[in-house]
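There is one chain below, alone, in structure tokens, taken in the form predicted on its own.
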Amino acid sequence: MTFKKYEGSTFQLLSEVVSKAMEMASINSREIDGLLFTIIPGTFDGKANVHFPSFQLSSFLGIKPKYIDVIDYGGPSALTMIYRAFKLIEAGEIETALCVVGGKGSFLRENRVTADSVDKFYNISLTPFDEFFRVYEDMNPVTDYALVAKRHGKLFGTTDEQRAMIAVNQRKNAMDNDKAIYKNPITVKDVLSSRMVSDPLRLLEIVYPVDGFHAFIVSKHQRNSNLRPIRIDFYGEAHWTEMPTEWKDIVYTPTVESSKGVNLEKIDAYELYDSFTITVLLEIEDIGLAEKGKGGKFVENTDTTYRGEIPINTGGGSLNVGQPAFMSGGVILEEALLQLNDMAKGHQVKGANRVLVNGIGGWNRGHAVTMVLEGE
């Protein structure tokens, strides 16, 4: 559930979302014995930090978990929650887990601050080396990904038009998605004529932060739910803790490692983290849909709409649905589950049975998680 701006409190919004999730899963709060969540400073309720969030969330929702886990690496955290909940249930530690990601991002948006530049707003540190790195005014991650897009173009000749095609095809996927906030058709010319935000990234290539939560229930019980049992066919995560200046090259992401060994055969749809158009292009290369440097040609020559040969971000992605609390992981995971349950009204991939989900996040995209979900 997302809003451009939610007028109620963060906990009211969270409660509404969790109630709907429990209703869909046919469970009640007393059955939840695992709680997994993530919080980024400033994006939960506009405050720098939440004092003992494990207590506050459990208390407000009226649940008494015997296992609590906080996964704090931003965008991909939602995918890790699902995996850890699945493993805990498989090991017999818990029976039903609630996984929560989101918050009210509109406060930072209205104050022209992003999740990776909150140190300009609050007295907090982003890296152990802030005194060396945080010397210029920036608006990370927009400026960071702009630098990557510039570098990709210089090394491989990737054009602005090729990146724009990603935005155009995702908008086609969003046109019949009830959850999308942007549905009017756009062209490459529209993207290239939209306002330049950080050269070469333009407005229609950049995600819009919104208020909202995603709540996922992972349980060993099916109850009366009509939802399809789903299993995790592949899972990998990677964490690059070096600063970007020490990387081999900034045109690679940790997805190169998190997706190592994944079988791309019989994947029916790809839900790729789409904070920016260049993010999607990098993932196309790093998971192996195209060789490094040929992602531009791939999007130019491939129909990536939900009816196409390789469907990518079939609901329009967070570029069109919005990015709750500056994290897109919940958006792409929800879309994968809708596809696997034949519930993606207006943008359903016919016969979807295996979906690859890839998340990138954290400071300067230092974390990646790759997951393949399959219907049983």
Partner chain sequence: MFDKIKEEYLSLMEKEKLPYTKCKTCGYVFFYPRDFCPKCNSRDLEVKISEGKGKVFSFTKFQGKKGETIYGIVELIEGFRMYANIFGDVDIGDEVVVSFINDSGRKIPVFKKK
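All figures in this text were calculated on a predicted structure; none of them were measured in a lab. Residue numbers count along the first chain shown, from 1.
Just so it is clear, the following notes concern the form predicted together with the partner chain, a form of the same protein that is not shown.
Participant: Taking the partner chain as it sits in the predicted bound form, is Asp138 near enough to touch it, meaning that at least one heavy atom pair lies within 4.5 angstroms?
Facilitator: So Asp138 counts as contacting the partner chain.
Participant: Closest heavy atom of Pro185 to the partner chain in the predicted bound form, within 4.5 Å or not?
Facilitator: Although the partner chain is absent here, Pro185 would stay clear of it in the predicted bound form, with no heavy atoms inside 4.5 Å.
Participant: If we define contact as a non-hydrogen atom of the residue within 4.5 angstroms of the partner, is Ala146 a contact of the partner chain in the predicted bound form?
Facilitator: Because a heavy atom of Ala146 falls inside 4.5 Å of the partner chain in the predicted bound form, the answer is yes.
Participant: Even though the partner isn't displayed, in the predicted bound form is Tyr208 close enough to the partner chain, meaning a heavy atom within 4.5 Å?
Facilitator: Flag for Tyr208 set to no.
Participant: Of these, 296-304, 150-158, 226-234, 75-83, which stretch puts a heavy atom within 4.5 angstroms of the partner chain in the predicted bound form?
Facilitator: Residues of 150-158 come within 4.5 Å of the partner.
Participant: Could you spot which one of Asp199, Asp190, Glu291, Glu110 gets a heavy atom to within 4.5 Å of the partner chain in the predicted bound form?
Facilitator: Answer to the contact question: Asp199.
Participant: Looking at Ile181, Leu203, Ile124, Met243, which has any heavy atom no more than 4.5 Å from the partner chain in the predicted bound form?
Facilitator: Answer to the contact question: Met243.
Participant: Are all three of Phe216, Asp342 and Gly346 close to the partner chain in the predicted bound form, meaning a heavy atom of each within 4.5 Å?
Facilitator: None of them does, since no heavy atom lies within 4.5 Å of the partner.
Participant: Taking heavy atoms and a 4.5 Å limit, what residues of 109-137 are near the partner chain in the predicted bound form?
Facilitator: Residues within 4.5 Å: Pro128, Phe129, Glu131, Phe132, Phe133, Val135, Tyr136, Glu137.
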